[in-house]
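One chain comes next, on its own, written out as structure tokens in the form predicted alone.
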Amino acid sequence: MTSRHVAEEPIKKVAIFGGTHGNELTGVFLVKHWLEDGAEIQRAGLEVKPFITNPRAVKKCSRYIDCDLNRVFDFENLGKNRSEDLPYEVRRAQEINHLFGPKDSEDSYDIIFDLHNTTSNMGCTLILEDSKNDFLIQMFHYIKTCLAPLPCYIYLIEHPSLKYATTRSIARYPVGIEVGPQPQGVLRADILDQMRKMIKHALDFIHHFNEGKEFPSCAIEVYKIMEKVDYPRNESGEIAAFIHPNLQDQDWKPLDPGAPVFLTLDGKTITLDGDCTVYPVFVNEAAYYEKKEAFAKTTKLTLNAKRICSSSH
């Protein structure tokens, strides 16, 4: 795959979102800290705005109040008439779109970093929505290089039928950051440190770009979503088997056809069907039980990005 889009205009406005899910505490605590003391996220000539996206959910330490804020940023929800009957998160999405958008307009923020935690063993993960975006591929390559030898994985959620109307999708360059494993409602110092470093390297990249630094063509390895896999269920729709011990905590590791994926209470093993090796992600993610997702299958690809350089120099 060869990328086409080459960013040229300098980046002017960046937002860092925390608390899109109110029980994912790393982003909540980092953003609250930066709201009080933003020295470490400031870069010359760049507006960087930290922002708590779902304050009610943060206060309750719950994922959301009425519905998932990270799934309602489509034009249908953003265009609904404001009323008290609307779910809280839809009203909040409209407010966020007003502050940082409007989505798909000239006025929207250049970049939004949306900070998330996962209960899955995914380590440092960057989420990419567009395989042809040279600027983001270059940024992700830079972050990966700076974090090494700590692994940093790239999850590509480009898919013809799986549509994510994400909070960050307002921006010209949306960046999802997932770091785990971390239980919901819990803070871990190592996870917080990793996320903090990811943001530091990302902002450094933007600063270098704005200063006129040239980034030569590069390639990155990504994991592209193929499909989501539900838990086996009984006639009542209840979960009938759970993640097999062999699969637990094995995010990003190759999973071959015939490998154990689920285990029933009476000890029966259910294996992976299909005819190709896949790479599982979000294995046994706590928040995805309600979404009927035990894990997602991905395939491994290489993306190439062209040389980029800011037109300001």
Partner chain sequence: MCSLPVPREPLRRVAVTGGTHGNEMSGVYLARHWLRAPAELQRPSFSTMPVLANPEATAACRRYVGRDLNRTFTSSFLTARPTPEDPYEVTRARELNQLLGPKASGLAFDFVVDLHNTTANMGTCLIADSAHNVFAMHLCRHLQLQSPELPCPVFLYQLPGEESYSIDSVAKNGMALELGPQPQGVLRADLFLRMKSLVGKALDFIELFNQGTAFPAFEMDAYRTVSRVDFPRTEDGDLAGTVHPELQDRDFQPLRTGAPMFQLFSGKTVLYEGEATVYPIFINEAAYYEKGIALIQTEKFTFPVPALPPLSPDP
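Numbering follows the first chain given and starts at 1. Source: prediction; values computed, not measured.
Just so it is clear, the following notes concern the form predicted together with the partner chain, a form of the same protein that is not shown.
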Self-check item: Check all three, 33, 189 and 242, heavy atom within 4.5 Å of the partner chain in the predicted complex
Solution: yes
Practice problem: Please name which of the stretches 252-260, 45-53, 273-281, 25-33 has residues with heavy atoms lying within 4.5 Å of the partner chain in the predicted complex. | Solution: 25-33
Quiz item: Looking at the partner-bound form in the predicted complex, is residue 183 within 4.5 Å of the partner chain by any heavy atom?
Solution: yes
Practice problem: Considering only heavy atoms, tell me if residue 238 and the partner chain come within 4.5 Å of each other in the predicted complex. | Solution: yes
Quiz item: Though only this chain appears here, would residue 265 touch the partner chain in the predicted complex if you measure heavy atom gaps against 4.5 Å?
Solution: yes
Practice problem: Flag residue 269 as yes or no: does it have a non-hydrogen atom within 4.5 angstroms of any non-hydrogen atom of the partner chain in the predicted complex? | Solution: no
Self-check item: Heavy atom within 4.5 Å of the partner chain in the predicted complex - residue from 210, 131, 119, 169
Solution: 119
Quiz item: Which of 76, 193, 204, 95 has a heavy atom within 4.5 Å of the partner chain in the predicted complex?
Solution: 193
